[in-house]
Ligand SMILES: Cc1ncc(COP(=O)(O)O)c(C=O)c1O
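Only one chain is included here, represented as structure tokens and corresponding to the form predicted on its own.
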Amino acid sequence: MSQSLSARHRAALPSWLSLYYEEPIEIVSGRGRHVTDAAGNTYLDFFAGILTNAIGYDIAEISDAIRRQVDTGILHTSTLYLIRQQVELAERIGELSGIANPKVFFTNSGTEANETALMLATQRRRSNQVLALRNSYHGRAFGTLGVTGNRGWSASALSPVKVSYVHGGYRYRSPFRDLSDADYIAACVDDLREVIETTTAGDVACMIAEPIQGVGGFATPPDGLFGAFAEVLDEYGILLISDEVQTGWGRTGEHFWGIQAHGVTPAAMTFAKGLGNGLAIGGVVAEAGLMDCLTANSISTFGGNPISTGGAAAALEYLLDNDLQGNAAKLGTRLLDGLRAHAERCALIGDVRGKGLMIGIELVEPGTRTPAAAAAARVMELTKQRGLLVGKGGLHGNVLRLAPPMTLTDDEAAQALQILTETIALAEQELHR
């Protein structure tokens, strides 16, 4: 059945819509941190629908909130009418944002959220010049592809914005990688200033940056980098947009928003994924003056609909009430410590990085920094065989991405760590005999 569905998928859907695994799986049910496929195999999910199922599966409080709205018979009205759940969720996110005088606009995805943020910044500054980071990913639409600094995801060279790329997000392959944290930040700041002075006309609209680069392989810069960047940006009046689509909602453990590790409050933050725990929702939270800078009328047909905002509000309160940020910090530290200990005796692992329950394992040819994409693919197959689903990313497709639901338990973390260390060791033996 799965082969038949796989063949139908390839015949009916685009060739560029990639699937994991040599034999792709159809996930048909889930509970807690586990999912079951159409063949009846159950897996511990360590990728959570690309960080989206942040609370897990079959969570009564979230399902009940969705059912209550379904029972009203109103699945949709549009932003042309008042939506109580939308207003209440906007108020809550504004309170949590740390942004002064915040306003919130809801979308259906992170791509839409980043498109909106770019539109606001370029309109406010009356400039289409944008700064972005090398190795970044911000979405699959026209503008967001334009600010994506990762060739594997750059589907078009055409763009509505003029982009200049700076160093800093991806330390492992940076020319500054061997510097101390302070010297690394100083070198990246010097690069930023030079890029502004030599590749732009000066009136740059914004910098958009992921505090931890998601698709880029959970590349994690030193704390304080974006705070140092912000000092330079402020000199030129350049707005800072933090793309929190993957780092938001406490996933990094130490902070509720990834940018908080850098001691700076951005002009705007974009969000999506984990907020809806599977529901389609994204958005922008920004200072009111920036949010209100548009002079034309606008609506969002589906953004902020009562189903998505009602379910997202329940997910957010569950996350806060159960201190899932604290759980991410505790179990993330345990996983990072265990993986780094294994890396000391495993030449296949070039780098272990991340924060909280957002961990990247970069695989390389032993004794080099040459990306080992085949090894990453093999580890994914082996972990699947042993009942664990993980993600993959990075510029070269050689980074294992770990991002389980934030309700992960001690026993599940220990199980995943054992499977990962054993399968990485097995892949090393298989591929380098």
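As the structure is a prediction and not an experimental result, all values here were calculated from the model. Just count from 1 along the sequence shown to find any residue number.
Although it is not shown, the form predicted together with this ligand is what the next lines describe.
With the partner omitted here, the stretch from 333-341, 179-187, 224-232, 208-216 that lies within 4.5 Å of this ligand by heavy atoms in the predicted bound form is 208-216. At a distance of at most 4.5 angstroms from this ligand in the predicted bound form, all three residues Thr111, Asn114 and Lys273 contribute at least one non-hydrogen atom. Not displayed here, this ligand is kept clear of Gly169 by more than 4.5 Å at the level of heavy atoms in the predicted bound form. Using a 4.5 angstroms threshold between heavy atoms, His138 counts as touching this ligand in the predicted bound form. In the predicted bound form, Thr220 stays away from this ligand, with no heavy atom inside 4.5 Å. This ligand is not shown here, but in the predicted bound form it comes within 4.5 Å of a heavy atom of Val245. Applying a 4.5 Å heavy atom cutoff to this ligand in the predicted bound form picks out no residue from 182-206.
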